[in-house]
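For reference, the chain that follows is the form predicted alone, supplied as structure tokens.
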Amino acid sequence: MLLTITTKRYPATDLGYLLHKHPAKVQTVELTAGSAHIFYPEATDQSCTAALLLDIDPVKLVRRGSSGHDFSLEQYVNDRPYVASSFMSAAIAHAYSSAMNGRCKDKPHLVDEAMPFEVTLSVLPVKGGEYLLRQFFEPLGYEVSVQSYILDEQFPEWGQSRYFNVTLRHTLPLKTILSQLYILIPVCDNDKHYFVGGHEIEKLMEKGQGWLDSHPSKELITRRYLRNIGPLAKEALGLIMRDDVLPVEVKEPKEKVRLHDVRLQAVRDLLLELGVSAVADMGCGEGKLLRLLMEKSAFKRILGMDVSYHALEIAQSKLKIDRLPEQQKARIQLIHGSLTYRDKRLSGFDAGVLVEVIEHLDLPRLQALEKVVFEYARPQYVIITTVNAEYNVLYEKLEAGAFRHSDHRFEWTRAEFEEWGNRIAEQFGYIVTYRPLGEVDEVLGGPSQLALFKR
């Protein structure tokens, strides 16, 4: 599978600065099922082309397991090593992460500059054909050129295949083009090579910011990106429609902050107030809180644990732990584990943090978590945040009695959370206090709630 990006904007070699990839070098990044090679077929001031060649290892592909269920040999007989699928999206995110996230160390002014680009994808599978391919890209302003293939030249009566060589032309910032490709490549394919859960909604919201909410096919894009999982698609569309943001009072102009970011910032600020130096994020997900903690030298020892190995892989990539200086690398550790089983690795920390974790457990399993955290790990402080169910009535798109997230097993009112927290504190020898998080309603409280346990 090959992705090329070409620009003729003078000097065209600025593309190398944007991609953080030197035109004179061939570079390789390792992926879970193969490798991605980055090289430049041409690099002059007049024209520069960067190529991303994805080399999928069929053996690794089988060992990883297959998400397909159409027939028993699908993991051995499939098109995955030969087409631009979600593997290509993963390669873009891994190889061009700085460019996609809008970072350019040497020429930062280039990040937001709209440049003329020509992007070629070989070979892109499109479930729905050329009409659907154009339906996804043309409303965004792309000039789309398509070369299609018949299924079998010896049997032309079988008709056209779903595979296309696609050329896209547009004048946009590179970060926008990469984000749109990241979302729309697996949408065209209508498949993904990995498990799709709630974390995919965050990716969709992040990479779709500024264009997805106004796209005429946003509902179809959302459903396909989330592998047509109804509850996830419903939740994501609700966020797209209302943008699930909280206004924050600041000096003009007003700034908008996502509720999840409000939670993480509040937790980090509280940890700084407590003066702790060793923190365990028990349910770290993709590492957003870990990143905030790494920014502060006060935190000397940071542990991230999650039950999802895939989420830990994403955290490892986003935090770029392998590239950190040894002194910084020694500060952080990622471990795979469950909070329903005793784990000695959680012992010895000043503080344990569970941000929006408890509501994802069935109530009988929550009892096991209580012992793991408060009896066995037993840090000096425990910070727990969870949603406030009373606040749900303010979300117009949320049906009465429905949860905010399809994976929530329960959502507590303030009284229910405090009843649980008070019992925990008394049982395990802690003092507990509570506070709201987010924009507070005088009657309903905040959208989230926080409990601070002190041993």
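All values reported here derive from a predicted model rather than from experimental measurement. Sequential numbering from 1, following the sequence displayed.
The next section is about a form of this same protein that is not shown, the form predicted in complex with a small molecule.
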* Considering 176, 340, 120, 190, which brings a non-hydrogen atom within 4.5 Å of the small molecule in the predicted complex? -> 340
* Asked: Which one of 90, 302, 355, 133 is close to the small molecule in the predicted complex, taking close to mean a heavy atom within 4.5 Å?
  -> 355
* Asked: So, in the predicted complex, is residue 324 in contact with the small molecule at a 4.5 angstroms heavy atom limit?
  -> no
* Asked: Quick one: does residue 365 come within 4.5 Å of the small molecule in the predicted complex, counting heavy atoms only?
  -> yes
* in the predicted complex, residue 260 touching the small molecule (heavy atom, 4.5 Å) -> yes
* Wondering, does residue 284 line up within 4.5 Å of the small molecule in the predicted complex on heavy atoms? -> yes
* Of these, 138 to 146, 331 to 339, 180 to 188, 105 to 113, which stretch puts a heavy atom within 4.5 angstroms of the small molecule in the predicted complex? -> 331 to 339
